[in-house]
Every structure is written in structure tokens, then in C-alpha cells.
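Quick heads-up: it's one chain on its own, the form predicted alone, in C-alpha cells.
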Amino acid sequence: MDTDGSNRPEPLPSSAQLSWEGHPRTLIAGVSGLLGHALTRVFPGAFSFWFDVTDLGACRAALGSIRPEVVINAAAYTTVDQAEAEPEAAHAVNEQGAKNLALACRDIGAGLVHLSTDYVFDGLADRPYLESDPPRPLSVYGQSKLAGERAVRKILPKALIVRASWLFGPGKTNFVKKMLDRARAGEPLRVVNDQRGCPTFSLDLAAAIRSLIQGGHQGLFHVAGSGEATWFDLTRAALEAAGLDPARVEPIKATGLDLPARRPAYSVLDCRRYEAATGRTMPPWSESLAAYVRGLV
């Protein structure tokens, strides 16, 4: 879970701090998470410090002190299975937290970049999901993220909303690191092979967000690693990049794990709108994975 509330609060930074390379004054919410870590590297000089997004007063105080031109909301409750037992906690961060930041941004005239997820879809499609496809989340987590999207859009119709998927990268434990740690410990690796999505390197996503901000883009964009894979495919590729035996990974069906939350069987995102807007394509997930695993970034 990344609620941007797991660390002790720090004093608000001085308003004299420089913006990232002369671009809009930017505040990052959710710096303790995987994406937040990447954003602090891709947005040098952006303001990033602890505050509770579930507290409207705290949001207004933080934004009122910094007076950012852009706020990036990477704060999220991301423990998908735990959310089934804690729907109020999930909605507090993913819906109310998003609403609070949108209200605080509106107060000072700041733009908002809000992060969402491929889990807003039901996985029944037979081709990559477009931004215009109707969302039908299967889990409390997906429902809370969709509610956050809608709250932001209602308050700030011109907000930039980015749906991403299957994040991995440096700075925090993630699926890839867990699989590598288990492999090195000699533990069995039984991995789902009937869910398909777009693995996405956190630094690639952060760079894409930067491109969208620089271009002044608004509205909803899908941004994910190029290509698609199952969790089984991703695990085998990670082991291979690490010089470990990929043959030890056993494919299983999602039902074999008996997890509380339902996941979409197919949540591949169509990123052509992002590509058309920025003139950029996301790097292939396999290349970024290899670089991450080999410690090249």
C-alpha cells in the first residue's frame, strides 16, 4: 500500500526551491511509492514531501505553501487483495485522496496529473483497450481507482489522467524483485499464465508523464510498456536476465492461487493516443526489464 502516509511528516520545503529545469513548478504526491521514486528522478528539483492526501486541509496547506503549477498524484492504495477486506481504506486514498488534490489544485489554479490503472477494465476484450472503452472494474481496488478518475474529471475537466499497468522498477519492492528474491532463495515459482497485460518500467512511465506535461496535454491517456506478456512470461524473462534458470518457473491458472480480488484476464492498453500526442513510443517492456534486472539504470 502506498498512501503517501507511511513516513513521518517533514517540514514543508522552501518556496525558493528550483523547478525541474525551468519547467512548471511541480509537486509530487505519493513519493514513497514505486512511481513516486521514479518521478523524483525524472523531475529533478520538483517538490516532493510527505502529506496526507486523505486530509483535505493537509492538501490545501501543502499546495498553498508551495503554489505549484502542476501536481502529480502518484499516491495510491495498491494492495489489491487487501482492498477487498478494506474497501473504506482503498476509497479513502484512491477516491477521496484524488478528490482532495483536485479541489486543492482548483483553489490555486494548478494543473493535476492523476495516475490510474488498467484494473478499471473487466478483461473481456479481444484487443487492447482504448481510452474510450467503458470501464468495468472487477475488484474494490479497480472500483476505487475508477471513482478517483471520475472525481478528478468532475472537479478538473482539463486534468491529465494517465492509466498505467504492471509497474516494476527501482526504489521499492515489486513483482519482479519478489520473483528474483524467491528464485535466489530456492523457493518454488508457480506463476499465473492466464492473465495478460503490459509490464511497465517505472522510469519509462515517469518520462512519459514528463512528455505529456511538456506538451500541455489534457484528458485521458493510456501509457504502458510496449508489448504484452503474462506474469509467467515476465517472471521467466526476469530470471533469464538475471542469469537464472527460467525453466524452473511453473505456469498455473489464476484460479490456482485463490486470491480474494478478481483480476482482468486481459488488460493490455492501447497507447496510440499517447504516441500520436507526443511523437514517442514506450520502450519494449522486455528491454527495460533487462536493463532494470542487470542494474543498468
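In this text, all values refer to a predicted model and were calculated from it rather than measured experimentally. Just count from 1 along the sequence shown to find any residue number.
Not pictured, yet referred to below: the form predicted in complex with a small molecule.
- Only one segment in the set 141-149, 187-195, 210-218, 121-129 has residues whose heavy atoms sit within 4.5 Å of the small molecule in the predicted complex; it is 141-149.
- Within 4.5 Å of the small molecule in the predicted complex, a heavy atom is found for not a single one of 26, 40 and 292.
- Between the options 71, 83, 159, 164, the residue in contact with the small molecule in the predicted complex by a heavy atom within 4.5 angstroms is 164.
- Contact annotation: residue 93 falls within 4.5 Å of the small molecule in the predicted complex, judged by heavy atom distances.
- The closest heavy atom approach of residue 31 to the small molecule in the predicted complex falls within 4.5 Å.
- Using a 4.5 angstroms limit between non-hydrogen atoms, residue 48 is distant from the small molecule in the predicted complex.
- In the predicted complex, the small molecule sits within 4.5 Å of a heavy atom of residue 172.
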